[in-house]
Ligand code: 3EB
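Next up: just one chain, as structure tokens, the form predicted on its own.
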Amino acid sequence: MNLQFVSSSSVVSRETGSELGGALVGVPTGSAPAWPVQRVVAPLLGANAPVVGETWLTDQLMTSGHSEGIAWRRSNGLLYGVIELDEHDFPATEKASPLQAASEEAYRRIFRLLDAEQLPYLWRVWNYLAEINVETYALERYRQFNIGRQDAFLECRRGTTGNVPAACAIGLAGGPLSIAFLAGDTPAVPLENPRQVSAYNYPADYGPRSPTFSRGALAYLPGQEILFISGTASIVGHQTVFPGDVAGQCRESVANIQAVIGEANRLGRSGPYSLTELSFRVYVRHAGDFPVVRETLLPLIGNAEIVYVQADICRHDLLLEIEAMASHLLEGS
């Protein structure tokens, strides 16, 4: 099996039979493709088109389905799924806000699907929620999300430290809680950053529950190694550095990505990864900062493939976040 990632400003809706799933990033119009697709409704920056289509392609036969609101496709030992939940369908209780309840229920459904399909290992998750930094029910919404996510991990007997998936959690102006995920029949190798405290070990300053994700992951298909780098920001230890300085935060984020790459090269089975071969998605809080971000990144990552998106980050003082991925064939494949 070979899994290929394709990004294009020309969104294709006609199915070729090789699409496992993907995302539409930007301001999409018209109907969605037939395969599972996550709509990330946020303005693109510096793009020549209003939307970018990102698609995972596979060369193996696939089956499709819908389960408890999850649109999914699987190909042998690999599954891609998308779920959207309207938090307003979950009334507030003494124990949980609507967002917390929706987050917990979304992950419970994901884990039930993976158990049913016998593909129990989450590799990579993309989380999007409205107004991520706004405080409601006496708690910031990102922190509400973290409680719901971790409660589902615990209830479904998944670990919340160590072997947890690579992930991002990004704020949009509105819309439902949207979660896309890749999962497999073998565990990924989690990657941490020696420059940072693991997110799942953050102190209580950052909320009642720590975020449940690894800094990156190496996932394996027959003959292939895939590197996922989680949403990465200007954090050293557990603290934000270069507050108010978008260029400084940009350089620090890249330094953190380089540290995760170093761990991937230490633990991986393929040849070494480099910054310039990665495909990046860069989230910029303030659209006016985009020129500085682009100029700062150019000498650091060269002509690597980049999609810039205007979106909110999980901390008020973070001005950007960067995620990335790459793939290598394994020797002898």
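Because the structure is a prediction, the values reported are computed rather than measured. From 1 onward, residues are counted along the sequence shown.
As for the form predicted together with the named molecule, it is not shown, yet the points below apply to it.
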Please pick out the stretch from 176 to 184, 143 to 151, 258 to 266, 241 to 249 that is in contact with the named molecule in the predicted bound form, where contact means heavy atoms within 4.5 Å.
143 to 151
Answer with yes or no whether Ser253 is in contact with the named molecule in the predicted bound form, where contact means some heavy atom within 4.5 Å.
no
Is Ala324 one of the residues lying within 4.5 Å of the named molecule in the predicted bound form, judged by heavy atom distances?
no
Contact between Ala167 and the named molecule in the predicted bound form at 4.5 Å, heavy atoms?
yes
4.5 Å heavy atom contact, Ala311 to the named molecule in the predicted bound form
no
Of the residues Leu172, Ala96, Ile235, Ala71, which one places a heavy atom within 4.5 Å of the named molecule in the predicted bound form?
Ile235
Counting non-hydrogen atoms within 4.5 angstroms of the named molecule in the predicted bound form, say which of Tyr121, Tyr220, Tyr202, Phe90 makes the cut.
Tyr202
If we check the named molecule in the predicted bound form, which of the residues in 207 to 221 reach within 4.5 angstroms of it by a non-hydrogen atom?
Pro211, Phe213, Arg215
